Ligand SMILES: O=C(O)CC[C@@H](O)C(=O)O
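A single chain, nothing else alongside it, follows as structure tokens in the form predicted on its own.
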């Protein structure tokens, strides 16, 4: 199996891939047209990326079967284009949770004690204890979480260690789960915005969350509150955030932005970078040695499983529900040609097969096939199959519940 890695990747991961027989092409600086050309040249089975964008022309350039995002999200990959071509897309969720939570809390502390401004003044030869002695402190303050996935959950013990109360909203957060986590559940993001001194966003980017944090949310926040985003820039209406920073004294700690360079080093002239109420980092949330080793190990596991079994852990682009309306259950003797006979009849009836599995019993004498169909075959067709093939023990047609 040939694996093209088009981003920085841990040496331990490279060595592990080679150890179980992969041919690894490591080109960490490939982007855009140069990546298309390299895919066309080396014809990889698997493409591994981190921040590099994966576009439709790349899928057309070579026989890619699997794309692995060596990270938690996958918004930089054209998933629709991959799905149309039957290409798996997988990622490594949860492996960078601690690293991102550490940075988020670092931004909270830096905002509260104005650490970056302290450093700048010292480097410019100025001593300004009078100005920088002003800080609110975190003890007894309220941290509001928008999203309580794995990263959000890592924020909770860190907040408690600083003596902060934690409130949260998440679509999946139940009162019982909130009690287990030791936090207070709120009914909406706006409820969190109204009650928190510090807000930290931990949401995946989806069509539903794009632009979700907007003008109404910032208007609900307390004046002078802190806003932290280490998830995805596109979740936030950046113009609304800038307005809140200027008019309501909101101070922001951001690791992600609405428009980021795709290269590791580049100019960054976004308007928000010049805001005095911004403390910003360079999308480095997952960039610790610990996180990258964990992500490399998970990437290796995904590729190894795919190579050995054809299955893909953490796949993100399989249909949750197909158009299938019926399941044909075929109990049969485990002999050549039985399923070919059944499938031939289904094809002749112009019925599309959506999913299929065949389970063999101990001793390999009999098996059961489950074939999900887009419409129901006629009773006459099933009776004919039963008569024509003595190796079919029983046919049963089940209607799928909507």
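Note that this is a predicted model, so its numbers are computed, not measured. Numbering follows the first chain given and starts at 1.
Here the subject shifts to the form predicted together with this ligand, a form of this protein not shown in this document.
Just one of 242, 72, 111, 328 comes within 4.5 Å of this ligand in the model of the complex, counting any heavy atom, and that one is 72. For the options 168, 286, 155, 300, the residue carrying a heavy atom within 4.5 angstroms of this ligand in the model of the complex is 286. Under a 4.5 angstroms non-hydrogen atom cutoff, this ligand in the model of the complex has residue 96 among its neighbouring residues. Though the partner is left out of this view, residue 232 does reach within 4.5 Å of this ligand in the model of the complex, counting heavy atoms only.
At least one heavy atom of residue 51 is located within 4.5 Å of this ligand in the model of the complex.
In plain terms, the part of the chain that comes close to this ligand in the model of the complex, with a heavy atom within 4.5 Å, is 63-71 out of 32-40, 355-363, 63-71, 336-344.
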